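The chain below stands alone and is given in structure tokens; this is the form predicted alone.
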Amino acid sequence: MLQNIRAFFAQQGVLEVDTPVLSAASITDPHISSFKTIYQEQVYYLQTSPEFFMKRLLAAGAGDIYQIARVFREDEQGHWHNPEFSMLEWYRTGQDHHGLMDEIEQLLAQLVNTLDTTGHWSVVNRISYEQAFIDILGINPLDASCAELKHLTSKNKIEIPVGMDEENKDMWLDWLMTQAIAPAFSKQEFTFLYDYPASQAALARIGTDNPGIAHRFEIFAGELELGNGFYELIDAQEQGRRFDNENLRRQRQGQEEIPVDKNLLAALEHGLPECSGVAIGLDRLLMVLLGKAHITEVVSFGISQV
């Protein structure tokens, strides 16, 4: 798989890069926990993604780049999770998220042709977040209220988890995504789900024609998420506001505040080129292509063996 990926990018003229695993800052997303360590009384974080360093390279003029990285996320262990895993991340300059999805489809086709032992993964579907909710649940997620989403959850006999913040719309949408939308995707095909609600933008830019959406997409194999991509936000001030808002959410939820990556913000201020980027979990992808049931079947050593 690694040989195929490197051959694909060599043919496309995309440069392979290597960035640090340790950083004095990390991702502020409340849904992701970072490992940390101390060196000479300074706290450092094991990176959950090489994204911030790669964007600094983009701002320095690196052009189209990719990386096969070792990344780390605390509290992720189980059927599909290992706290240390392999991630493919790449960026294309001058390209929106639809163009990047085209290239991902090309890479997936190459990997399927050489690695797929299941015979399932020859088709890639694309559907917008809005259309998926309309088709599967009969509701527009962009316009729906929390009360309507709660009613829909009960109507479909979906159990409401303990501790659900009933006034948090994104929590309702995320729960319906995991319980109803993703499970309805074809079990034998890849699916691109694109243009998420603006409230779930993360590092994606907001739609110019439709400010209710963010140009973000996710890749699924059946209902399993494989990757997350963005038509990248290049506004340093807006990105700084998002980081601050995520840290406020962390505080409200009793989580540790994470130092904001000021080097990334400086790079954005300097000028990030128009680009799209994606991160794909390679261990999960290999599991899917080989028809394996547990992540330990495709890594040399799982966390319980180190």
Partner chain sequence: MASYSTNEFKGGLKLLLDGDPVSIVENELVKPGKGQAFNRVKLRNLKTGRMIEKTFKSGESVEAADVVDVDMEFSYNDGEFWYFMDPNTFEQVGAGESAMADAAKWIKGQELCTVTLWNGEPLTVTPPNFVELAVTETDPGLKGDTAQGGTKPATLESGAVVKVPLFIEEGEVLKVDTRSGEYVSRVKD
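Predicted, not measured: the structure shown is a model, and the values here were computed from it. Positions refer to the first chain, counted from 1.
Another form exists, predicted in complex with the partner chain; not displayed. Remarks below refer to it.
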query: All of His31, His79 and Arg216 within 4.5 Å of the partner chain in the model of the complex, heavy atom check; finding: yes
query: is_contact(Trp175, the partner chain) in the model of the complex, heavy atom dist at most 4.5 Å; finding: yes
query: Asn228, heavy atom within 4.5 angstroms of the partner chain in the model of the complex; finding: yes
query: Non-hydrogen atom contact Ala147 with the partner chain in the model of the complex at 4.5 angstroms; finding: no
query: Partner contact for Ala202 in the model of the complex: the partner chain, 4.5 angstroms, heavy atom; finding: yes
query: Segment that reaches the partner chain in the model of the complex - one of 137-145, 112-120, 206-214, 175-183, heavy atoms within 4.5 Å; finding: 175-183
query: Of Met171, Val124, Ile127, Ala236, the one that lies within 4.5 Å of the partner chain in the model of the complex (heavy atoms); finding: Met171
query: In the model of the complex, residues of 149-168 near the partner chain [heavy atom within 4.5 Å]; finding: Glu159, Pro161, Val162, Gly163, Met164
